[in-house]
Structure formats: C-alpha cells, structure tokens
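Presented below, as structure tokens, is a lone chain in the form predicted alone.
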C-alpha cells in the first residue's frame, strides 16, 4: 500500500479521511493487522505536553516617537535579548526575574502575554542621531504589539531518560526533585502518544511539517538544537530511540494557556510547558507499523543524576508500561515513578488535532526537507 500527501488532503477536504489517535490505532492494528489498518486509516495523531526549557518568543513592539534603539529591555522585570534590531527582542523562557528570581521568569511573561495581561516594558539605550530616545517605560499586550512569535529552538525530545539519585542527599534538577538513595524515579515522555516515537526514523516529520503548537497551527522550522538521533540496542534485543529534537515556530497571539504554561522547578528554575501535536500520514505499511507502537515496546534508560559530569551512569533500562504503572525495580528496590509530562494533556492534544483534521481545518504539509541522517552531538571542550 502506498498513498501520497495530496491523496490524504483530498480526502480531508471532502470529509472522507479516517483519522485516529496514536492510542486508538493500537487495538485497531491488534485486531486487523498492519496491512489492513494501513489501508483503512489515513492519519494517526500524536501529542505531548511537558516542560521544554529551550523555548522563547520573538516580539516586535513598534516604534515610539521619538524612536529608540532598544539595547537593554525588561518585560515585567525579566530581561529579554535586544541585540536583534531597534524594537525586536527574543525573550527566553528560562530567563529569571531580576526581582522575583526563580518564582517568575520569561515563561511566565509568555503565559501572561497569551492570556491577554498587560506587561510592563522598560528599555534603555545610549541614543543615536536616528534613534535619539534613551529610555522608555510603557505597557504592552499581545494586541498592542506587531508580532509575537513563539520560536522554540529545542522541543519535543524523541525520548528522555528516567532520572534517579543514588547519593545520600536530595538534589534539585530539571527532572524535578530527586530523593536520596533512589527514593523516586522521574520521567518526561508521553510514550505511545509521543510524536517522535511514532515516527522514529523521521519519515514524515521534517522541515515545514505543519503541527499543533500551543493551541494553534505551527510549523517545524528546523531540526532542534542537539539533534542527534540514536538507535541503541542491547543483547536482549531491546531498542531505544533517542536524541531527535525539533525547532518549532508559531503565532503566539493565536495560542492558548490551555497548552502553554509557565512552571518553576524548585531549586532549578523556570521552564515553559509546551503542548505539541503532530499528525502522522499513513503513506505505507511501515509508517503504520511505527505509529502503532505500544508502551511496553518503548524503552528508555535509568540515569543517575547525582553524578556531576556530562556522562552519567546508567542503572538499566525500563519500558513505559512499567513506568506508567507507578513503580519500577532498581537494584532490587521498589521505586515509585512520577511523570513530569502530562499523559492526559497529550491525549487531549492528539484528540483535538484529530478533530481539527476531521473538520477540514488542518491539512497535512509534506516536509520541504528531511532531517539529515548523520548528526553527532559534540561536547564543549575547555581550551585555554
């Protein structure tokens, strides 16, 4: 069986496309088999909703009179990067407030903008002949500014580690609080709903793919930073897909705080929780086989985060069926598990994307370029 994007989009426009979520496809394939399911299903929708630190927004405020070339900018006392142009900034999600520190940051400003709140703007400049103004204070909203573009350099990790702590003290990480002596295990992937685990070889996901982003339609702009897909196998035949990431872009003004939320990890800092959904077009049997993956067939590594180096020890492997049951065994110890991502919200996103496609409001976009197959992750080496 082979079909094209245009054939699927024609069925979407005519209301004849058959769309299911990545959860719903599993019993269909179990009942009918890969070949028949691929013949009957046109699109499988995926979803994820979790903390994605490498996120931020490009904002254009418009020019004041007299004009100013902003060189330092604060939004609700959170500094944004102003080295773009006179009144353009990039606001990073993890930038902390200069007055509230970890309690408020760039992610909170982004959420407040989306919700329609007023944001205090302060900017200073050395002044020039064409931009004579040296400082300005005002208030902005998403309606008052020209552009508000969510541009996230690294989102949607294909698969992530399970984090544990073998030390004798509590540690604070981007994977949450880890209790001593392997007192808990945290993970952050939506498993069988996760977009990049339903297309692990990136056969349908690439530059230009139209996606659900934060409640609006967005696009994959490029491979994500640190993009380094790997396929790890052990002697028992367990396969771990990991290392794929996405750079995504969309109109912040169209987004919803139902799917974009600020969060603070105690002892670590601010992050942005992002909702992403990606449709997987069923072009052939192999794509269907990948899209029907189940929790028990998706493996990840248990990593000791108490080790203060780039390469951390692995304590074994576990699948997502075991993780989602709430307990796993590590070194003979029964350890409770906790997700940092929301499976319920991932399910909601996959369902909403399915409904938008069924209503003809969301067409599939074939990637204009596939991601490179060879990409090696390089460390930063100290050189003096």
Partner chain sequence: MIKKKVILNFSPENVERPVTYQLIKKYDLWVNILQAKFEPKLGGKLLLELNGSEDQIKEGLSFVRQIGVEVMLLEQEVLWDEKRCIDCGACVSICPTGVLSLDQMTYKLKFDYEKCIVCGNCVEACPLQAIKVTF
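Residue numbers count along the first chain shown, from 1. From a predicted model like this one, the values you see are computed outputs, not experimental measurements.
The same protein also exists as the form predicted in complex with the partner chain; that form is not shown, yet it is the one meant from here on.
Of the candidates 64, 319, 60, 337, 337 is the one whose heavy atoms come within 4.5 Å of the partner chain in the predicted complex; the others do not. With the partner omitted from this view, the residue of 181, 118, 233, 266 that lies near the partner chain in the predicted complex is 266 [heavy atom within 4.5 Å]. Segments offered: 352-360, 27-35, 339-347, 52-60. Contacting the partner chain in the predicted complex at heavy atom distances within 4.5 Å is 339-347. Using a 4.5 Å cutoff between non-hydrogen atoms, residue 288 does not count as a contact of the partner chain in the predicted complex.
A residue is said to contact a partner when one of its heavy atoms sits within 4.5 Å of a partner heavy atom; residue 262 meets this definition for the partner chain in the predicted complex.
The closest non-hydrogen atom of residue 76 lies beyond 4.5 Å of the partner chain in the predicted complex.
Contact check for residue 69: every heavy atom lies farther than 4.5 Å from the partner chain in the predicted complex. In the predicted complex, the partner chain lies within 4.5 angstroms of at least one heavy atom of each of the following residues of 316-335: 324, 325, in sequence order.
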